[in-house]
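For reference, the chain that follows is the form predicted on its own, supplied as structure tokens.
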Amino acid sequence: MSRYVGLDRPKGPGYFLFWKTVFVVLLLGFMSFVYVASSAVEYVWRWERVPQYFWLQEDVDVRAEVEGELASIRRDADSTVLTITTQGHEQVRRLPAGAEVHLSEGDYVYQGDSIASYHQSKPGVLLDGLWITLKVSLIAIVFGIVLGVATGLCRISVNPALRWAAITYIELIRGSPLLVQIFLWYFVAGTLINGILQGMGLGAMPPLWYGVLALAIFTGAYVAEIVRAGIQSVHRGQMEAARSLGLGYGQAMRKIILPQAFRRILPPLAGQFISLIKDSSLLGVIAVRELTKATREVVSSSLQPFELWILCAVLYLVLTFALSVLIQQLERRALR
């Protein structure tokens, strides 16, 4: 009788070859299904128009805003400056250094005349939205980790005030939709905060920071439970041994318990942070032009829904996959 049972039985080369073939067949079948489904849709695909929304390259025609005389054309290393005099006033137009001026000094121009042109190359709407999504997500992740670790420690504290406050925060945040929380932070708390700031002579806080605040607080509640479960998964004998060696509670937690818990909570943290990146798509409701809102705007103007939403999904996949790979690298280092 063989000593190997179930998963312990060694697998031969034929086993792996068979299941690799099965995977390739399934993948090809899925790709074939997608191709047939896309061909069956009565839709004109225009993928060649998509790059302009990712990286914009265009020729800009500069026209006169007022009627008057082109008094001077000044070029320097950074810009081309045009000065038009009209009724004793001067209007100054600052253009890029490589701008081509169509007129000469002393020429008379009328409102709407073409006076110069230049080539413009800059990130498109989708790339700007991708950057906003990345920035919001990274900031929210950092604050969410800090808030989650602090709340997780309070959750297991023997102090009733800290423990009950942590439980209340966790249950309130996890028990209500993120969209509602974003609305409350922006329209309710934001109105009060902006009123206080303006009363102090400061400007209003941009909507982006209310979005970061809502995402960080929402993520912090889930991170707190992950941290709490990770700490409690470490045998209590570890804490007792550390205390018997003369370490204080804070030292034992920082040097003994948290490093062991960190290895165990990395996989669920990765899942939570991936969800955070996708949840950032809700910030469009408070006028934050993240990737989903930028895609929606482009779709409404270009009438190319399938190409743009597919590209939007691919960009989110790039962000989440990169984060997943980073967490896996951290997990491998932690297990060494």
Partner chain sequence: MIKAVNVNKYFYIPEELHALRDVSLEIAAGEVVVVIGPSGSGKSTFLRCLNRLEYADAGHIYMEEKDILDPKCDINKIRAEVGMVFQSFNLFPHMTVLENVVMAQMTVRKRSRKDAEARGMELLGKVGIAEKHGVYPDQLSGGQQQRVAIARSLAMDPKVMLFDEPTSALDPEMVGEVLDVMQNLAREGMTMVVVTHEMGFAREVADRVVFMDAGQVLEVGTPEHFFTSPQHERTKLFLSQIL
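Numbering follows the first chain given and starts at 1. It should be emphasised that the depicted structure is a prediction, and the values quoted were computed from it without experimental measurement.
The same protein also has a form predicted in complex with the partner chain, omitted here; what follows describes it.
When contacts are judged by a 4.5 Å heavy atom cut-off, E240 counts as touching the partner chain in the model of the complex. The closest heavy atom approach of V92 to the partner chain in the model of the complex falls outside 4.5 Å. In the model of the complex, the partner chain lies within 4.5 Å of some heavy atom of G248.
In the model of the complex, R74 stays away from the partner chain, with no heavy atom inside 4.5 Å.
Between 179 to 187, 259 to 267, 207 to 215, 78 to 86, the stretch whose residues reach within 4.5 angstroms of the partner chain in the model of the complex through a non-hydrogen atom is 259 to 267. With the partner removed from view, the residue among S244, Q198, S114, S233 that has a non-hydrogen atom within 4.5 Å of the partner chain in the model of the complex turns out to be S244. Among K122, H102, R163, K255, the residue placing a heavy atom within 4.5 Å of the partner chain in the model of the complex is K255.
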